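Listed next as structure tokens is one chain, alone, in the form predicted on its own.
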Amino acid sequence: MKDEFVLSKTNLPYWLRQLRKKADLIGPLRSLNGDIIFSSIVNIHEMILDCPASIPSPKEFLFPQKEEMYKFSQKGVNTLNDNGKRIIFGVRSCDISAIALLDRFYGGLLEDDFYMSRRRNTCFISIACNNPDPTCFCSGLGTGPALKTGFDLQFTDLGDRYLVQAGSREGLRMINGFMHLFLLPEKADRDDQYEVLLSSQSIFEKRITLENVRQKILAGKVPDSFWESVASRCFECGGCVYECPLCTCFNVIDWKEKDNKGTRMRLWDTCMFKGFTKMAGNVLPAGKKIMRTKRWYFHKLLYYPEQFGRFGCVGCGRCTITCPGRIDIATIANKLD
């Protein structure tokens, strides 16, 4: 059994303020246009903790949309690793599941130093979802509404208090030194947690599994005419990719300045764009839209399971919210299932 505690909601602000003295505290805030975004917290009471959907996903703190990698000049090259300490509070289970896969992707045989330097200095405090959004389907993928492993700290909202589960050494370190704020759980606390999560499971409007879809594609039962119809509805806006917590494509550019100085940076890119992986001689490996459309879905539904044993989707529902053509993962899965 994992280390479990109970934290009164009245003690939460004080505890977070103490953590903020040691690291940048990041949490969900409501932007001026109404979206929930993750940003550095100045006023703890302004955090929005009752809504699971954030735009974009917290992956941007490990894999930024725009990231400076090197500064170069005639004197040499300076690597720009980010070693700032961060604690990200209020992340949902689906995003924690996505980060676990990103860790395997960027921390594999060819380790990405830029991602891993951020990852080693970032702790996540997740909150189980009591009220999933209508677009969420994490329950069918085993990526939420709560997790059994993979988190530093996991909170479950029990009304006037949180049940807190520590899943890593880093999580325990955030509690050590503040044990006067935390109580040991009683049977009533665990019973309340069970009831909360059971209620959460009943709220999901979408009951989607992707294995049947995967098997149909592998068996050759999905004709190109289907993918043509999907591609015809794609606006190539890139919204699904940019909001997806598991998309990893990027482009690298050199920004030259005066006196032979410059910066090498990487930017988010997408396999949905025609120019992605453009080769010498103006060769486009996926010049037709149907090829690019199939590539994205196959990556999520076939290649991720082959490489990692998990789908390249955690059921967060962001592509459903973002896609103007209504060809998001959930919609396509329902059509093929």
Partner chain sequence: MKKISTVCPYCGCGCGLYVHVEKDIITGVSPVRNHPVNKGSLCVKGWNCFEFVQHPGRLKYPLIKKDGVFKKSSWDEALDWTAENLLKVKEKFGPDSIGMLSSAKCTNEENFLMMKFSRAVVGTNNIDHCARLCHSSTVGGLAKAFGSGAMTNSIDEIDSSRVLFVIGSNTTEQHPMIGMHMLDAVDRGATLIVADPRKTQIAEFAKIHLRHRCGTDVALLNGMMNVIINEGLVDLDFVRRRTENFDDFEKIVMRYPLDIAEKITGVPAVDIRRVARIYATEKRSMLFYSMGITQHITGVDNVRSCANLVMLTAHIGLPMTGLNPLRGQNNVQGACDMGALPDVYSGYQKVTDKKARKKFESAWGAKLPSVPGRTLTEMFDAAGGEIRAMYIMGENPVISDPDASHVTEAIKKLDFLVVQDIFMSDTAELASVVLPAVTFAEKDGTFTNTERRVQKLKKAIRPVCGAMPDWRIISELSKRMGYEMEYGATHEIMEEAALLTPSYGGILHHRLNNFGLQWPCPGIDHSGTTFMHRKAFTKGMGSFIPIDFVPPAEPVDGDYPFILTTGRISFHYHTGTMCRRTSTLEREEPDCFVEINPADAESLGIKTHDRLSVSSRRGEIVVNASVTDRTPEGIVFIPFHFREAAVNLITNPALDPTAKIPEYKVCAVNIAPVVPKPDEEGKFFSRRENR
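Remember, it's a predicted structure, so these values are computed and weren't measured experimentally. Numbering follows the first chain given and starts at 1.
One more form of this protein, predicted in complex with the partner chain, exists but is not displayed; see below.
- Across the options 148-156, 230-238, 183-191, 108-116, residues that bring heavy atoms within 4.5 Å of the partner chain in the model of the complex belong to 230-238.
- The closest non-hydrogen atom of E46 lies beyond 4.5 Å of the partner chain in the model of the complex.
- Remark: L302 does not count among the residues lining the partner chain in the model of the complex, judged by a heavy atom distance of 4.5 Å or less.
- Contact between Y70 and the partner chain in the model of the complex is not found at the 4.5 Å heavy atom cutoff.
- Taking the partner from elsewhere, N11 is found to have every heavy atom lying beyond 4.5 Å of the partner chain in the model of the complex.
- Checked against the partner chain in the model of the complex, the residues E257, E211, E205, D160 give one hit for a heavy atom within 4.5 Å, which is E257.
- Taking a 4.5 Å heavy atom cutoff to the partner chain in the model of the complex, the one contacting residue in 285-311 is K289.
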